[in-house]
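Just one chain follows, in the form predicted on its own, and it is written as C-alpha cells.
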C-alpha cells in the first residue's frame, strides 16, 4: 500500500475480531516503525509493553477499562501500553556525540564533541534532565512519543490490522506489567483484525485545513490548492467522508454479532 493511502485508510477501529490472533511478526513491524521514529537528542522517550489480552486476568482487564474504552479494550486481542520515559534524557550527551561520529550532526552546522560537552549539555540538556517534571519538558517528551506511536499505528494499518489509541486505568495495568515509576502512562494502542469494514463508516470529520493551519502569522489561513486536494483524493489519502450510506446498518449487524445494544 502506498504511504498516502495508508494515511487515508487509518481509522480508530472499535470493533475487533476478538477471537483472531495477531501474528507476532506484525507486532514486531509496528514496534520497529516506532523505534525508527524521529526523536530529539536521539533519545527513545517512548517505551511500550505488549500484552496479549487473553493473558490479562479478568479482574485486571475489567479494572483497566474506562467508560469510553471498555468495549474496545475487551474486543482487542493485543494491547500495547505506551509510556513516556522521563529518564531518557540520561545519556543524551553520549548519544549526541555518536550522531557526530556517524555524520548526522556535522561541523557545517557547528557540531563537534566539544560543542556537545561545553554548550549543548550544560545549557540545554542538563537543565531538561534535571527538571523532568516541568510541563514544557514533559510535553516535549510526550510529543516525541506521539510521533513514534503514530508510526506504529500506520505500520499496523499497512499490515492490514485495525488500531485504536485509547485511554486506560493506569494503576490496574501497572500492577501487571510492572512499569518503572519514572515512566508516565500515555495511552493503550489496541490492535487486532477489524470486525467492521476497514472504511469504518468513512473518513472522520475534521476541521477544514484553513481553520487549523496558518501562513505567515496567526489569522491568515493556509489556503488549500484544489488541484492538490484532487491529487490526494486520487492517491486515496482523502477518502469518502463519514457517514457512508450503509454505516447504520453495519453498526446494527455488529451489535447483533457481539450481543450488544443497538
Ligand SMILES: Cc1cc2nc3c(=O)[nH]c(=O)nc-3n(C[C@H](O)[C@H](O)[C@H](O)COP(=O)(O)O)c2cc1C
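Owing to the predicted nature of the structure, the values given are computational and were not obtained by experimental measurement. Residue numbers count along the first chain shown, from 1.
What follows is about the form predicted together with this ligand, which we do not show.
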query: In the predicted complex, the one of 165, 75, 100, 86 near this ligand [non-hydrogen atom within 4.5 angstroms]; finding: 165
query: Candidate stretches 208-216, 25-33, 65-73, 40-48, one within 4.5 Å of this ligand in the predicted complex by heavy atom; finding: 65-73
query: Distance check, residue 18 to this ligand in the predicted complex, heavy atom within 4.5 Å; finding: no
query: Proximity of residue 183 to this ligand in the predicted complex, heavy atoms at 4.5 Å; finding: no
query: Proximity of residue 220 to this ligand in the predicted complex, heavy atoms at 4.5 Å; finding: no
query: Partner contact for residue 187 in the predicted complex: this ligand, 4.5 angstroms, heavy atom; finding: yes
query: Sequence-ordered residues of 5-25 touching this ligand in the predicted complex, heavy atom within 4.5 Å; finding: 10, 11, 12, 14
